[in-house]
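One chain comes next, on its own, written as structure tokens: the form predicted alone.
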């Protein structure tokens, strides 16, 4: 079947948000709320094995046993931290501290010119998606997407395939009419679990993860003057300086 839509993860995929974005925002939220926690780059990398910010904090408490405030139930504390962190991260986005990764804006434009639909499938908060995209591409960018499936819109987060299954259902498309873009093993498992072909653009945190079932693994999507590094190519078809819609139509269409 011909290629009809591209479906994108957000954190790590559209922007390298984790190490110098979300991690920093969490640490600032901990400090502002008087919570004696601090996530180093290494510790945050370990915590990324868990998808979802609230789930990640719960995992941290259960497995690393940090000091807990005596005056707040854990569920309330996690909710308060998450709200505070989201506001801090929002300010980081609005002030332009987190740019899109190489090739993202270009592939959006190429897809729209080719009549290929766009969608988002992410566990990050809907507001994070809005501020990241609008701060980099303007207020009208949200209209480019048929559906932005974000946050707690499904019961089970990645690596469950539910978020991708929801997007496919809402767009009335079959999995083999789409390509998913991810950066992590959990994201890859989520997309392949929904039957989608997957292209991975790794980050410093995910570079050494296994991406079983991925159709292509690159270091980035690439732009003129910023060629990609090919990491894995199971099909043996990629010999390009950057990923393009023409390549996708030839090999995934």
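Numbering follows the first chain given and starts at 1. No experiment lies behind these values; they were computed from the predicted model shown.
Keep in mind the form predicted in complex with xylulose-1,5-bisphosphate is missing from the figure; the text below concerns it.
Interface stretch in the predicted complex with xylulose-1,5-bisphosphate - options 169-177, 105-113, 121-129, 91-99, non-hydrogen atom within 4.5 Å: Partner-contacting stretch among the options: 121-129.
Contact of residue 192 with xylulose-1,5-bisphosphate in the predicted complex (heavy atom, 4.5 Å): Contact with xylulose-1,5-bisphosphate, no.
4.5 Å heavy atom contact, residue 222 and xylulose-1,5-bisphosphate in the predicted complex: Contact check for residue 222: no, nothing within 4.5 Å of xylulose-1,5-bisphosphate in the predicted complex.
Exercise: residue 53 in contact with xylulose-1,5-bisphosphate in the predicted complex, heavy atom 4.5 Å: Residue-level check for residue 53: yes, a contact with xylulose-1,5-bisphosphate.
Contact flag, residue 203 vs xylulose-1,5-bisphosphate in the predicted complex, heavy atom cut 4.5 Å: Close contact is absent here: in the predicted complex, residue 203 is far from xylulose-1,5-bisphosphate, nothing within 4.5 Å, heavy atoms only.
Contact set, 135-164 vs xylulose-1,5-bisphosphate in the predicted complex - heavy atom within 4.5 angstroms: Stretch hits: a single one, 158.
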